[in-house]
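One chain comes next, on its own, written out as structure tokens in the form predicted on its own.
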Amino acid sequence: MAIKGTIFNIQHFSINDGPGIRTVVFCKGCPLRCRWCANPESQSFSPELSWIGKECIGCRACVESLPELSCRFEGERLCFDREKVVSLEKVDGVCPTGALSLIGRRVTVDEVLSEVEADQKFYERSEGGLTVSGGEPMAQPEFTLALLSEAKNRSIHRTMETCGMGASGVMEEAAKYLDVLYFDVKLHDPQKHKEWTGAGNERILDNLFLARRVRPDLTIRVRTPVIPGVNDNEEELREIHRIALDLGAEHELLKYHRLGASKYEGLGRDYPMGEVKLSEERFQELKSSIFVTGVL
């Protein structure tokens, strides 16, 4: 199919994004700006230049090969024009270590599914398949719906990971193609949600209930990242757990981590969460308190 979307990665052999072994397609672009986002490269819809200093060997290949970026070293730090529009073909392969890279590429549905189908033998053994993630897949509705529809035509198991921030019509249509839906519910309080993510959660919760109405038989897993100083309290987590129970959905708590901090540096941005941490002891304490009757 000629329909195109923008992605920033295709991850093979994932075991954390749905049942079995998965091939995860990461769509680029998200309407939320969660301060704890571990994939800041997923937020913008446009390709972005990234430079990871610890991977740079100072060979100056970028200075010589990419004069349009005005690349120059100030001490050990590479400076360049981040706003300059440059093609993936121009940047790809210039840096021998990949320290300088362009994140994001346009692909067709057929191109994606060709990569997905290359992993078919692993799906058959593990009952895995395709997972569409992001960013936010519903923010590229034409591409995501075409990808899910064609995957269904090819009998590929289909999972979608979403923050729920999309048009209701897109959620309704996507639910028809899915085998499993992973749905992030970060906060129950709408004002607090807006403060920490940039938007309220009314549409998110509406879409969650809509998915259940459209597909009463759909496996839904509500996922809640536990963020220190944001929702690491029993009141918030219990409200979300109650929603999951009411929907007959599974509920999973995810521990906050700082693994994406270096990505912010690569994009020339500060890490919004600073130095906060969530101890394993506190995380387990919250899990024990919330799942008093056992994990769904």
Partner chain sequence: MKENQNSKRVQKLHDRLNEAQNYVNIERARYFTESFQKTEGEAINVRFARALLHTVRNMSLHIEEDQLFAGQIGGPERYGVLYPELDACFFGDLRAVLSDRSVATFELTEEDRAYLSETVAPFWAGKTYYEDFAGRLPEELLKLTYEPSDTKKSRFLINETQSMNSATQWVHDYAIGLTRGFASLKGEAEEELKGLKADADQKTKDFLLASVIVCEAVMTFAERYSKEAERLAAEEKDDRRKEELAVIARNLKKVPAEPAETFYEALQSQFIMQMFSRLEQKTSGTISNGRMDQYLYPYYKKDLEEGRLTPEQADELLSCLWLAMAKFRDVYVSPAGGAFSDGYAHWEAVTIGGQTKEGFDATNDLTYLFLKNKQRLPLDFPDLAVRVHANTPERLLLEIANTIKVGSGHPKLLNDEEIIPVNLSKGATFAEANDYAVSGCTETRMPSRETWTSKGPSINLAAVVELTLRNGRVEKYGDELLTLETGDASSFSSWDSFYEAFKTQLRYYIKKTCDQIRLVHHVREGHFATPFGSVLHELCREQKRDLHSQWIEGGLNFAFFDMVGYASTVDSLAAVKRIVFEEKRVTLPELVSALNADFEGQEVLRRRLMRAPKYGNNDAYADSIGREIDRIAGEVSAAEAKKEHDHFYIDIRYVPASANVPMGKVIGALPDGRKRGLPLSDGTSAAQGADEKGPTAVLLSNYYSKNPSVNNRAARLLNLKFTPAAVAGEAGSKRLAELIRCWRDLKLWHVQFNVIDQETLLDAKAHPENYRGLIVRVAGYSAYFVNLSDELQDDIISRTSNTEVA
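Because the structure is predicted, anything quoted here is derived from the model rather than measured. Residue numbers count along the first chain shown, from 1.
Omitted here: the form predicted in complex with the partner chain. The next part is about that form.
- In terms of contact with the partner chain in the model of the complex, the residue from S126, T219, S149, T108 that brings a heavy atom within 4.5 Å is S126.
- Just one of L145, I103, C95, V180 comes within 4.5 Å of the partner chain in the model of the complex, counting any heavy atom, and that one is C95.
- Against the partner chain in the model of the complex, the set F13, I57 and K121 is in full contact: each member has a heavy atom within 4.5 Å.
- Of the candidate stretches 191-199, 151-159, 112-120, 78-86, only 112-120 has residues whose heavy atoms lie within 4.5 Å of the partner chain in the model of the complex.
- L278 falls outside the set of residues with a heavy atom inside 4.5 Å of the partner chain in the model of the complex.
- Heavy atoms of M273 never reach within 4.5 Å of the partner chain in the model of the complex, leaving it off the interface.
- Contact between R258 and the partner chain in the model of the complex is not found at the 4.5 Å heavy atom cutoff.
- The partner chain in the model of the complex comes within 4.5 Å of no heavy atom belonging to L286.
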